[in-house]
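Take a look at the structure tokens below, where one protein chain is shown in two forms, each on its own, as structure 1 and structure 2.
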Structure 1
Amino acid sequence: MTNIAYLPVRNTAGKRERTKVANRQAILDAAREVFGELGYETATVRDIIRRTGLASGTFYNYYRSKEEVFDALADDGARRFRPILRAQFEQAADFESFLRGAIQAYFDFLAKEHESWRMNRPAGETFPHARSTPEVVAVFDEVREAFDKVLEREHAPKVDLDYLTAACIAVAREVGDKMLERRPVDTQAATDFAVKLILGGLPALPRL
């Protein structure tokens, strides 16, 4: 009888494998903290790795550069947001409810992440706006696909989907940013604004 319960922690593969995922995660966590405290520009690879207690060389066993670890963080965010977006799509009755659900979800997501990012960052410091990492592109594509399907379902006139997607994401991003600067942070109001702008504009768009 090979009862797994008798073997200590055998349920999570070999030790090598375990420390690998642990290190990768530790670096990611440290990077999130350091970027939050020092700002992206100021932070150095060594600031990040120092916080993990690992040696400097070890960093490069996991990521090639500060940029790559930042992208990994962005990917991480996108990966966590994707299922939320998908859920909104699946339970949405029409375009309006999808749009509202998606934007509301994004703003809530933003507000929640806000804390873990902007912590003590020196004012004025800015992040590189999310790059085109695979997962981020995937979110963009997913939004376009969802738009396509929902508008198709409603027999809405064909419009420039690429522009529409870009515009919607742009509005969500920028209004989201402004929202975070206000006290109190009102995701409801911001959502209402963004949704009504887009929804009102949609019928006026040039047809293809």
Structure 2
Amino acid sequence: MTNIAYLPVRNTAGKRERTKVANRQAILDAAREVFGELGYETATVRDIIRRTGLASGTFYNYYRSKEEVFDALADDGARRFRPILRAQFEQAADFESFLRGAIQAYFDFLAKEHESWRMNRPAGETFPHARSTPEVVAVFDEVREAFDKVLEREHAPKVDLDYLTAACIAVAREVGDKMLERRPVDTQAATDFAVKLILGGLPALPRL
């Protein structure tokens, strides 16, 4: 009897948690649409709230600004990209195949994520960078670990993995941003450029 008496409390707590998850997702979905249609600079918190159908007080229970919402979107995207990145590592035969597969997967993911933005915003309009959220940092760590294992498997000379990872991610991010500004968006051409740029510079890196 004691356990049964507690069931309604647990069910209420579970329902409250599901509501929080649903509200947070509704805000992120609305923000993604609003940023895509209006552009990040033009969009306001009020625009996002209107799209959710939630009360303004509900919005501020989760986020304090559109910058926080944008960071949450970046976190969500990085979280969903990590399994894709892991799959590229698992099927890679060497450093080059992992690098190419990871960058191509990233550019394809980027193009799909910002499809509404690309459709509604003029060519040449830039998209803001996300800050180093926990999931974005986790992607960095995962790329670094993959580089370490692939290069060790090839018995390659040791290089500074922190710098290598940072440089490769920076190249992919900057080329990816420029790719999104162009019409049409060509993920293959962007991948070829980024991979050749990185591979061309790798032999010249100082050895540890």
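All values derive from a computational prediction rather than experimental measurement. Here, a residue number simply tells you its place in the sequence of structure 1, counted from 1. For the two forms, the rigid core is made up of the largest set of C-alpha atoms that agree within 1.5 Å on superposition.
By the stated condition, namely the form predicted in complex with the DNA, the first structure is the one that fits. Split into two rigid parts for the change between the two structures, the chain puts Ile198 and Val137 in the same part. The angle of turn of the smaller rigid part against the larger, between the two structures and from C-alpha superpositions, comes to 15 degrees. Here the rigid core is superposed, and Val21 then shows its C-alpha moved by 2.9 angstrom between the two structures.
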